[in-house]
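Before any questions on binding or motion, here is one chain by itself as structure tokens, the form predicted alone.
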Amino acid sequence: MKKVLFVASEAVPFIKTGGLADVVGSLPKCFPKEYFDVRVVIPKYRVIKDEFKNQMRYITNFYMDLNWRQQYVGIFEMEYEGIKFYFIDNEEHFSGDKPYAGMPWDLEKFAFFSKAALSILPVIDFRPDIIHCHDWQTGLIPVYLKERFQGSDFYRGIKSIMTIHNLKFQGVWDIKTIKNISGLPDYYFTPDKLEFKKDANYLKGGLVYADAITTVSKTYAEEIKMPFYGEGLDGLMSARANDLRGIVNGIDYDEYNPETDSFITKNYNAKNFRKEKVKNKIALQQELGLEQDPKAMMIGVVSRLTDQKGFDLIAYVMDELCQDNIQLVVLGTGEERYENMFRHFAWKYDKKVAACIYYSEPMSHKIYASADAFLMPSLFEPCGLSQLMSLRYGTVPIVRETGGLKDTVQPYNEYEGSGTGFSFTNYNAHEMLGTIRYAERIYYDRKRDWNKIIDRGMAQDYSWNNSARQYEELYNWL
């Protein structure tokens, strides 16, 4: 029986700000119970819903020294969908209105959390073979494991894995402060360890000391060895290339299922989408005040409205795109200039463009189910989940070939009759527009070919089970 402990700053259904929470909440239940005992540790935030807090069982508490003072560590546990979750309680660190407060507060909060996650193990009587750490918030765990805890028999030989969900966020601050917070000696603050451009870097510490490193797609694992994507750590990623692998995230196939989805107007599946899917489009056109035309090609966008997601490309050709016979439905919030750009075009072309500048889970499902194509022209995309949801709903992705988008969307080839979507290579607005127009041509003039792209897309398996098999292999290799 292999024992694995996931440690992260968020997990569905308890607390979620992004894709990280989906991974930590969904992946553990996909391992075969007879071979793997997988448990999860997250902070007990005040903002976790009461319905969950009321089910938590208090185990015990103790005091731990950090930052030259004794700090309270409470331990709660609860079982959810067959997985044991532990919650680390400390009012000073976790009582804010949201899980992250920004720097430098989060540095002390997650140094405390990392040390506490290791310290509770003998108390809860769980000795994992592998501690699987996620993102910079848990970067100090592999460091503490080697520095502080290896000396005792209980911890000796525990292996650690560091998973990078987005290399952009690293937990960087000045050395003096981090030395102070973490209690780590000078020895750790050199360029081959935590030092980073004269500051200190939590994530880098985790990447130096972890026994293995993963990231969330094969292409991203290659890209982060290059300066453009490497965020200053490309040298380290190249040096650790033998310990680095890319495993694509999955999505929850029960939650994202056009056949049973309660948010959408008309359920459908891979067999009957030719007749039934369009009913969702008509309903959404009605709801959003667009021209009601079942034949018009609807392009969906569900995203944070930021530079990373390629919205400068869309802004550049938006007027041209709106001359085409298409409709565009956008859902999301983000940088003000993109929010206002979409509001402007929704006013200018009110029958063609709908701008939903907010976030809503039901609306996102409606867009996946209603749109004919889904646009994702990201500058970089470690994994990306929206394109996986699109494939699941028979909505054809149009993506830039980067990171997980390149790994999961196979470009359409009209001569071979292959492919599950459309893609372009360079980060260039007119190359993107050319690809959108090529997709329009297939949609309007070669409907049978378009439907076959959907057939192939809906036949893909990007459920968590797929990812879990690859993690199992990694755990066994370690």
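Numbers follow the displayed sequence, beginning with 1. C-alpha atoms forming the largest set that superposes within 1.5 Å between two forms make up the rigid core. Given the structure is predicted, the values throughout are model-derived calculations rather than measurements.
Keep in mind that the form predicted together with adenosine-5'-diphosphate is missing from the display, and what follows is about it.
Of the residues Ile314, Ile161, Leu233, Met376, just one reaches adenosine-5'-diphosphate in the predicted bound form with a heavy atom at 4.5 Å or closer; this is Met376. For the options Ser364, Asn90, Thr408, Thr214, the residue carrying a heavy atom within 4.5 angstroms of adenosine-5'-diphosphate in the predicted bound form is Ser364. In short, of 114-122, 378-386, 190-198, 343-351 it is 378-386 that has heavy atoms within 4.5 Å of adenosine-5'-diphosphate in the predicted bound form. In the predicted bound form, at least one heavy atom of Val302 sits within 4.5 Å of adenosine-5'-diphosphate. Interface membership of Tyr100, defined by any non-hydrogen atom within 4.5 Å of adenosine-5'-diphosphate in the predicted bound form, is ruled out. Shown alone here, Pro13 lies farther than 4.5 Å from adenosine-5'-diphosphate in the predicted bound form, counting heavy atoms only. Taking the partner from the other structure, adenosine-5'-diphosphate in the predicted bound form has a heavy atom within 4.5 Å of a heavy atom of Gly332.
Contact annotation for 13-37: residues with any non-hydrogen atom within 4.5 angstroms of adenosine-5'-diphosphate in the predicted bound form are Lys16, Gly18, Gly19, Leu20, Asp22, listed in sequence order.
When two forms of a protein are overlaid on their rigid core, residues whose CA moves 2 Å or more are considered shifted, and Glu339 is one of them between the shown form and the other one.
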